[in-house]
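Let's start with one chain on its own, the form predicted on its own, as structure tokens.
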Amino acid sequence: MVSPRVRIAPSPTGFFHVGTARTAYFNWLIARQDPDGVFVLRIEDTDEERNRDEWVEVIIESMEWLGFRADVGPYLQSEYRSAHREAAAALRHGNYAYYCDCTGEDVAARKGEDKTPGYDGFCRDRGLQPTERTALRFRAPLEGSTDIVDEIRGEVSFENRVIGDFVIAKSSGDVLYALANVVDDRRDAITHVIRGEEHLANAPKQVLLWRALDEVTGETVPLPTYAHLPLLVNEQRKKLSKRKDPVSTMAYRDEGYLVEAFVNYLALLGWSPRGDSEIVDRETVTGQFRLSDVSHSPAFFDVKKLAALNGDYVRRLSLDEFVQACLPWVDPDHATFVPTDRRPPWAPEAFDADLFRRVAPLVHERVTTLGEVPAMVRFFFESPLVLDEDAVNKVLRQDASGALVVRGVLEVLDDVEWTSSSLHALVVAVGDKVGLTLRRAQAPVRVAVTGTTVGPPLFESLEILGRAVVRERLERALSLCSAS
């Protein structure tokens, strides 16, 4: 048995797509199931017009965050241009390829009403030489079929006449995707090509190229095992759109998703673990995963399900783990990767680690992502506190009972025992006096002290803030009511 050698080959033309992340995970799993398995990271940077160095960094950073460490690479496909060109030349000299100067308009004009896809073979026997206008086409068989044995889809057959003669190199001599991948996969001794469904149409072309290279090089290299993963779709069951759907992997990190939750969810996109629970760690997935168990049906990338799963993972953290995980979102000195618009809105000197540790239990069970934490705890660290104007107007100014509650609480605030239970009883009593339920009575207190209408448990928060801070904020709120 040959140990698996797999690869992930993203292009540096944009963010790291969640579909690429899923593909990377399934490749990584196959490599990790064998102690001698090898996982290769190849950056396909041959599209010079769209490539950006910063996107290479995003690929590497994304892979590091996901924990899919490559055994080989990262290396740039462009570093092997000479090998790609040599392969194209070998195919040309072996009569597996020919030069063609046809434009798309030329082909369309010759075909007329014939809408059969593919090239019409016009230049097959013209014997053209390379010029600034000629591309190099592969000479595909005119009859028969090219069959692909796919680990997920079974045997898939492609009629050769439909494949047609396809371009493998531009007039500049630069080799295109299909041939470059085959050359690289042969060089890297790739045993499994595991990729998205959208690449299935490339498979017969690459098999034909592979076999032709066997002939012209005199080196028979075993074909890799193919597996084309199911398409990822949105809730409308349409292919995920880069423009309309949240498909950037690093955006989920930046929003405060836990990496283990995110990786767990990737495993569920076309595959299911044994048993009733969908919460499975990498070790379990590594032991159970088989390509033959992957579904060929489209997989719904359900952001709501991912968020719920992440919430489960957050609640499973110990308090120490939760506090540590939150630091990039609450401590400005730790916000090394958090985007500027998501960094804590208070100054570094305003953050108190001991205070946050006391506050953390109040929000631990209530957040779905770590990115939600700053908004829930900001009133502990902001000075002066920023009040939500809509909340102030609705709860304190437009509702006369709001001012009555705040005034009533202030009148007895100095006499109450400073515990959450006593503060709870105080607000209940004040509410009874003005004819309000606890829910309505605590609303003006919450807005006055926290600046908003939602947040962690109110009375535990008041206890942590302390009598002096609570009094100062209630007095400020009362002055706003009077000013109106």
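One-based numbering along the sequence shown. Since the structure is predicted, the reported quantities are computational estimates derived from the model, not experimental observations.
Beyond what is shown, the protein has a form predicted together with glutamic acid (GLU); the following relates to that form.
Asker: So glutamic acid (GLU) isn't shown here. In the predicted bound form, which residue out of His364, Arg253, Arg195, Arg139 has a non-hydrogen atom within 4.5 Å of it?
Answerer: After the contact test, the surviving option is Arg195.
Asker: Could you check which residue among Phe289, Phe351, Phe379, Tyr177 gets a heavy atom within 4.5 Å of glutamic acid (GLU) in the predicted bound form?
Answerer: Looking at Phe289, Phe351, Phe379, Tyr177 one by one, just Tyr177 meets the 4.5 Å heavy-atom criterion.
Asker: Have a look at 394 to 402, 309 to 317, 177 to 185, 324 to 332 and name the one stretch with heavy atoms inside 4.5 Å of glutamic acid (GLU) in the predicted bound form.
Answerer: Of the options, only 177 to 185 has residues within 4.5 Å of the partner.
Asker: My question is simply whether Ser11 lines the interface with glutamic acid (GLU) in the predicted bound form - judged by any non-hydrogen atom within 4.5 Å.
Answerer: Yes, Ser11 is a contact residue.
Asker: Does His199 reach glutamic acid (GLU) in the predicted bound form, with heavy atoms at most 4.5 Å apart?
Answerer: Heavy-atom contact with glutamic acid (GLU) at 4.5 Å: present for His199.
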